[in-house]
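Below you will find one chain, with nothing else, as structure tokens; this is the form predicted alone, and questions on how it binds or moves follow later.
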Amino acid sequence: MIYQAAIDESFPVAEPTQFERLRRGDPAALAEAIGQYRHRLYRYLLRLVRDPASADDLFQQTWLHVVRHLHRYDAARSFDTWLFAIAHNAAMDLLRRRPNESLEDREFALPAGGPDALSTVLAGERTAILAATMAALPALYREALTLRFEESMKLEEIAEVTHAPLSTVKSRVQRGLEAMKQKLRKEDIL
């Protein structure tokens, strides 16, 4: 078989995976990975920090960390989980330095905040209301809901990303949903 591969140009040869190319320092593989995760990772960071400039900085910090510590990545694990865990750590460091940011699971008050044209307007209003309600949640709830419902991560993956016990992740998702539901009922939206 080796002989056949050496003499036959049409013999299929396995291409290195994106991860193998990343490990070798291939800039094209890095550009592909950034492009593949750009929207999801940025959206996640923006939900957490609620500031586009900070989300941009965290996005860049995350990828710098990936490049510098790629040798630590265990290929048996999900790259998504590893990447989002790096982003989580960077975001939590930033949020801890903010004086008015709540990371705690304590009571809080939420501030008010192809279809036809009417359906489009109503859908836009609902989206804005949900986004405002979500933005008012403490960072830990925003993070859990974003990873669960926008990034479609399993609860176990969220626990791995956030370094929190599975029961804590379940609680954060439940409490975040309950807080949103109460706020929407209070505003007579539900």
Partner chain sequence: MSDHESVRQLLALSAAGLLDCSQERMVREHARQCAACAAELDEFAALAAGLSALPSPQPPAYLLARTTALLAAEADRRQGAAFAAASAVFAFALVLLTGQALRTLVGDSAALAWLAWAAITSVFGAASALVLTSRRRLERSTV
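Since we're looking at a predicted model, the values are computed, not measured. Numbering follows the first chain given and starts at 1.
The form predicted in complex with the partner chain is left out here; the points below concern that form.
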- request: Report yes if any heavy atom of E20 sits within 4.5 Å of a heavy atom of the partner chain in the model of the complex; otherwise report no.
  value: no
task: Tell me, yes or no, whether E150 is in contact with the partner chain in the model of the complex, where a contact means a heavy atom of each within 4.5 Å.
output: yes
- prompt: Taking heavy atoms only, is M134 within 4.5 angstroms of the partner chain in the model of the complex?
  reply: yes
- request: May I ask you to state whether L155 is within 4.5 Å of the partner chain in the model of the complex, using heavy atom distances?
  value: yes
- prompt: Mind listing which residues of 19-44 have a heavy atom within 4.5 Å of the partner chain in the model of the complex?
  reply: L30, A31, I34, G35, R38, H39, Y42, R43
